[in-house]
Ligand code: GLC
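First, one chain by itself in structure tokens, the form predicted alone.
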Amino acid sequence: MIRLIYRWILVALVALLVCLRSSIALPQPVTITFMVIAAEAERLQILIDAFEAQHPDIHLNVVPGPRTTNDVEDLYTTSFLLGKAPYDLIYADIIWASKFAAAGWLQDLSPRISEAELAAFMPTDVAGGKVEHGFYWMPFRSDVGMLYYRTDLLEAAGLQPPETFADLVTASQILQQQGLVDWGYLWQGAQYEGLATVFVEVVKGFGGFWIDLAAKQVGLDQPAAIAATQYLRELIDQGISPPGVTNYVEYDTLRLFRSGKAAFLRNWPFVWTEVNRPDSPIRGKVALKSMIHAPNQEGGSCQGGWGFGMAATTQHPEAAWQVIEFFTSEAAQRQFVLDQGYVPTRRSLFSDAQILQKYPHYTQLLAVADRAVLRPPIRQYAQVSDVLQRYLSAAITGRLSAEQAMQRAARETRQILKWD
């Protein structure tokens, strides 16, 4: 009898424990959502796994977006305009920061990070996140335009790497005349954002500018900008660049350069890995340097890059900030650079022993990054870039003269900005 009573007591206790467990909600991980270009989702997986291992209370929902930057931006924009954005973070191109901040879609991060902490990052990367009196975009991986050149060809012809625009033309002509290459110089000339980045570098090299926010000036119809546009057209007219360059984007120029048909290439840091793959015909025969310029001027490399903004509508700002802190940390950036070969935004990593052992060219990369030039950080950036692209394309394809194109581009840009 006593044994039966004990049995019933035991059953009752088990039942009570089951009821109590079912009535207590176990804490669920917070989910932080952001969208990236499809290929980027795969590359980021190593950091996603590392973050979730360190933060079991936070789950990352990384949404693979379209293949192009513009399409990803359009999806972000549409979701915020509809007022139903599911994103806690915005993984953003540097040129989106001003537009998204001005629209009220991003939180000001300046209360969360000090100027002393930001000093560890490359200055131009940080400047890309500053909009008016706030800071809205934390730099994760950098990008800068640079000049690649064939070391073997220059050595064979007894030439030095070019420093000026004229040097590049002369070297190209000598190498072409000797039958060493079909083309001298490759760059991105299609009517898209890549053409704007090329122009930023060339106009800087001629001592000019696109838009000066502080002075509220548009420099497109000034002599330096007209000379820069004319130079791009003359590269085609003189046969230094192929006629098809007016339709080329990054991967078009990479393929042609990698095949050994050109001596010089303007492109981004990812090219280094591509030209040095085991199956590359020019492996070990390429070096890089800062962009060329006119005499008595300084070259400049267009600043690109990707980073994180925090959505104004996120319900989990503290968790979202933990994600930003992790991805932009020195340890995470080092891991990402070693795994993927991208350019860091923290200055210390350019001299990091592990990175230099695998990528000795990072010493040269730092020299290029130190000359980075921002595209104008304005809310109307997409509109003014479209204007510039259209008129540059008209000039380099011969539909308008350089002077006509730049005068019209300047006029329309001033109208957009409402500057007299």
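We call the rigid core the largest set of C-alpha positions that still match within 1.5 Å between the two forms. Numbers for residues come from their place in the sequence shown, where the first is 1. Everything quoted here is computed from the prediction, not taken from an experiment.
One more form of this protein, predicted together with the named molecule, exists but is not displayed; see below.
Q: In the predicted complex, is there a heavy atom of the named molecule that lies within 4.5 Å of any heavy atom of R371, even though the partner is absent here?
A: Result no; R371 lies far from the named molecule in the predicted complex.
Q: How about T69 - does it come within 4.5 Å of the named molecule in the predicted complex, if we only consider non-hydrogen atoms?
A: Yes, contact at 4.5 Å.
Q: Answer with yes or no whether G128 is in contact with the named molecule in the predicted complex, where contact means some heavy atom within 4.5 Å.
A: G128 lies outside the contact set for the named molecule.
Q: Does S241 reach the named molecule in the predicted complex, with heavy atoms at most 4.5 Å apart?
A: S241 lies outside the contact set for the named molecule.
Q: Only one of 150-158, 229-237, 185-193, 208-216 has heavy atoms within 4.5 Å of the named molecule in the predicted complex; I'd like to know which.
A: Result for this chain: 185-193.
Q: Check for me: heavy atom within 4.5 Å of the named molecule in the predicted complex, for each of I94, W268 and W306, yes or no.
A: Every residue of the spot touches the named molecule in the predicted complex.
Q: Need the contact residues for 196-221: heavy atom within 4.5 Å of the named molecule in the predicted complex, sequence order, or none if there are none.
A: Stretch hits: a single one, T197.
Q: Quick one: once the rigid core is lined up, does E73 have its C-alpha move by 2 Å or more between this form and the one not shown?
A: E73: C-alpha displaced by 2 Å or more between this form and the one not shown.
Q: Hey, does Y91 budge by 2 Å or more at the Cα between this form and the one not shown once the core is superposed?
A: Indeed, Y91 is displaced by 2 Å or more.
Q: Look at W137 and decide if its Cα position differs by 2 Å or more between this form and the one not shown after superposing on the rigid core.
A: Yes, its C-alpha moves 2 Å or more.
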